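Let us start with two forms of the same protein chain, each given on its own as structure tokens and named structure 1 and structure 2.
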Structure 1
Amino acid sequence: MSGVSIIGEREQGQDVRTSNITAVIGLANIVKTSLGPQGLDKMLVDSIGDVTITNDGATILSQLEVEHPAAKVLVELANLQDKEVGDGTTSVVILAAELLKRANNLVKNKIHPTTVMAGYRLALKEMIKYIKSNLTVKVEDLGRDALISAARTSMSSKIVGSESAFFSEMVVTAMERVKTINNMGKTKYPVKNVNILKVHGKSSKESMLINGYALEMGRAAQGMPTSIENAKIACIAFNLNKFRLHMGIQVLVKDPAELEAIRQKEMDFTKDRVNMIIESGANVVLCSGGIDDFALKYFVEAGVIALRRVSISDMRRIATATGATVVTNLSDYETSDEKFEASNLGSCSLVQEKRIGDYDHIFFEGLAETNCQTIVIRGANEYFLDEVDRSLHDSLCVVKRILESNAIVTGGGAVETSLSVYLDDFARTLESRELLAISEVAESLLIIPKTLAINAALDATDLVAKLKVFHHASQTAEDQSKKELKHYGLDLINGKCRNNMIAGVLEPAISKVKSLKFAIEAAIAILRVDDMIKIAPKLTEEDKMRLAQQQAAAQGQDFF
């Protein structure tokens, strides 16, 4: 025993590698069953009893309280994938775990981890090259149907799977409508411009797409009109309560009558402001703060829809979408008077209040500037709505990726099998030790079609073997007609192999490339670790006090 030691635990070498990888595999096993169209959902219950029902890998992992440090890396990985791509979170975790499992076996066979890592990197480079040159298809060649198919593919594993035809159409329409060209001249499809509202009741089929923006709130007063055409919208980021001086400012008056004047002025201040807004031509007023009851009356009389306590982010969206300016104060730079410019107003063709379920909603339709879209999801209960929300968000991201990058690949394990066959061949051309690592990558990739098949209760070995044959044929045969075999993937409903390009199982190419990158990088990060030191938590003053008290109490008990 050496004299130098650390307070805490230390694990080294093979031990730490094995424990890390076991943890990672454990985590991957949790999400494994949610992959693919026949995958199932997880129900997560926290200590308060709140329930989340989901099929989304990133959501599952972030809700679980993962303790193991290596497993945490994987959770981060899923979150990263969610942020960057939006879809494919489950597959990236499964792939990373499989890569690690195989790497560990190599290391156990006395191959240095750095060699394995180098092999993984080389494999990644080759895979990306191969995807780009051989497997992607331009969307232009396929048209709008490809978008719908891709959206449907991303939904197929979710609760909305059986209604995917309905929702994919909705998602694609929404994304097409939010097309914007930014100031750098690039065409963008911001997912943020699609607003998702959840109202329970009715069924998922009665969800609707609204060409405009919607807020979940009612008019400030019942006397206001319920709908206004050709609305002029004012966005006000201060409250319309009675005017008051800031804290700490005191007014000292001699004559009591003046007190009355102050009081009067306080009201008139707000009244003037309200009138200024009304005079500028506004007929819809959004206020981020409160509106005093007395001020509401002026709005009611002028036939204006006023909304109070609009959240600032909603207001900003509406302002941008309608071309309004969010006004934070009314002061004028040149004079000391206050004024409200008509140029601050935004416009849209229709503002109306509608009741959905038991709640009032304000709809802004026909927005002047950008095309915000709103999807109102209906469904049996809140858990259902939340899950539909997550699924739609994933699909929106998928459609966005395709529209922006314009390249798709076939899903259903087609790309993975193809890459696997290719890497296997590629590995044989090398003479170095990396060969071993690369052929392990090739094997690992097959975990995706295997898991898909297992989840669908099919014979994985048989199907994957068949798939490999197709892909091998497509890569080696001279015959042009065989080339199309590269699109062969699994048909999980019937348990067969089919051309998934024709069947419409499509995914954005960028999503595949990114998930391969993330998975390999995460695997490398975990593989590089050969020493884990856990420092025992330091005792704080409080802990010491408590310990001392406990001891004292114990002694006291002895004493009596």
Structure 2
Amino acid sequence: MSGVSIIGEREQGQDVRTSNITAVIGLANIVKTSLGPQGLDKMLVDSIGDVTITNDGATILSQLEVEHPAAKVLVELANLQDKEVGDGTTSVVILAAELLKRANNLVKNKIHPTTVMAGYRLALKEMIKYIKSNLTVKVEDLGRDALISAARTSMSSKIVGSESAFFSEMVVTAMERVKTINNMGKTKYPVKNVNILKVHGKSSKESMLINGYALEMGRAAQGMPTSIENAKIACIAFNLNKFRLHMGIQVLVKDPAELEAIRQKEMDFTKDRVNMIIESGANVVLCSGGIDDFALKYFVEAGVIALRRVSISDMRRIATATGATVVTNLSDYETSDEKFEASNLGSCSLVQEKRIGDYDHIFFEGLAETNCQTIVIRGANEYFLDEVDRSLHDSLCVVKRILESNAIVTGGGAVETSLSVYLDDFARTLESRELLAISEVAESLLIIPKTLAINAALDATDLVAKLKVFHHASQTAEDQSKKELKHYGLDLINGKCRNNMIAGVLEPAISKVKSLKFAIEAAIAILRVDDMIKIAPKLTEEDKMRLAQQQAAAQGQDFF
């Protein structure tokens, strides 16, 4: 017994381990039924009544108000997978929970946690080595169809699954067009260059891909032109309102006639700024602040399209894509005069206003520096549009990862089953206690194909047993035709096993590698904890007084 007194609660040893793992398994059970193409959706209602309908693991967990510290690790894990890869958030949580559950059983059977963690790390090292050497296939060997198949696989579990052929073509085309080469000479496909706009009305099949960047706003005044070719774009990050003196500055006027002159000078100040921008050659002006009506008059007379209250993030993207500079003020630091240089302007071949649905949109096409794309999603209601947006974002991330890493693997539980069979054989070659932990990792991996089968209302035991037979044959046979059995995974529509490479069920290799890394790291982080201390909040004077009264009452004494 420790001689130190702790004001709060303390859990130690097996108690804290069991508590943590129970919380983690409870959280994983929430998302377990949403895994795979036959997975179900969750309806989440927040404190003010906003509804979210989704089966995206990261979205579900981020909406939950999780209090348990171990369960929070899993929420962060799902967010990290979403950020790094964009897909596979549900499977990484389910795998981490299963690893912890089996690790806890080993610890209960007198295997030290350090041995279990060493076994998990060794298993991770072997799995990554095996994926890279045996399971990955280069995209260039399969061509563009592999990208479309991977995008379709990502969407198969989402609300757009029935229209995945339509949307996958759109997603791949968008990502191929935003190809850029950075300063290091590496080819990059930035997802941020694909803008997704949600417009109510019509069906999802009437969504469209636009070669350019679109903003959901109209011209600042109806007298402005609706389209401009060979546009010169100015990006202004300050207000073009009537100039006002700063707070605290006073002007003493003796002659009332001078008041009108002061008002006129304030208006001329903004007029000069507007004229500077127009004289530089700008015929499209994006302003992050407001533009007064009298300032709009000068833009209308000059035949310029002006947009007000453009979000700074949209403005920066347009500035990068057109080669413009975002100007925060017009002051010249050397001369203290105000001027607007023509070098600050960006350019694109066409800027035009179109009406889509109930709102006007401004389209920037033929951008000078980098290409941007816009996907306009159509749909019946807000919940549908939000879920389609999340689905397309996941698919865009998947295609980006495949294009940048040039490696794919087969889906449908093929990789997990193959790794499970390999680790089982590898564990038998060891003589140390780590083999027990590695065997448990091999069993844990099968939770993915099992869950996929259960969610599709199929016999999980039968299908997983058949998968293991196929993969064992592929790893032990010398015949090249049997080696192709390593691509066998689940066909959840017909309830049988098939070659998923031929069927087009593909995933980025980096998604599998990252999910295994994150799941095992999270399991180890939670398994390392053997002591949890919850410090009690500091007592106020009122609390101390109330406690003293309760103690006095318990002893039968009069407190006063």
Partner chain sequence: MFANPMRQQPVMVLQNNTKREQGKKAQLSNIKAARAVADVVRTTLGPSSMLKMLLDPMGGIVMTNDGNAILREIDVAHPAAKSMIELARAQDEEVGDGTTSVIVLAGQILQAAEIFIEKRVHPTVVVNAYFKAMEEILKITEELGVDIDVDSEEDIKKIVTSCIGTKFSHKWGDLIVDLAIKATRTVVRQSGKDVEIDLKRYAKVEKIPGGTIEECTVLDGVMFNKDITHGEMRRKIENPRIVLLDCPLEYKKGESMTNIEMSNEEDFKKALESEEEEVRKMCEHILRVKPDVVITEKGISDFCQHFLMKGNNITMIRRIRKTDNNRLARVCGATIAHRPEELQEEDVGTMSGLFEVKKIGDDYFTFITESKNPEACSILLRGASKDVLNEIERNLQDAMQVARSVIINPKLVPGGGALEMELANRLIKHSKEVEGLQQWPFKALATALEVIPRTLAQNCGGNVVRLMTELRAKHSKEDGIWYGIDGNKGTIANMKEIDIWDPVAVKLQTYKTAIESSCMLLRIDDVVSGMKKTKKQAAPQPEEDQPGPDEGHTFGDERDG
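Take the two forms, find the largest set of C-alpha atoms that superpose within 1.5 Å, and that set is the rigid core. Since we're looking at a predicted model, the values are computed, not measured. All residue numbers here refer to structure 1's sequence, counted from 1.
Note: the form predicted on its own is the second of the two, structure 2. After superposition on the rigid core, displacement of the C-alpha of Ala465 between the two structures stays below 2 Å. For Arg263, the Cα coordinates differ by 2 angstroms or more between the two structures after the core has been superposed. Structural comparison between the two structures after rigid-core fitting shows the C-alpha of Leu547 displaced 10.2 Å.
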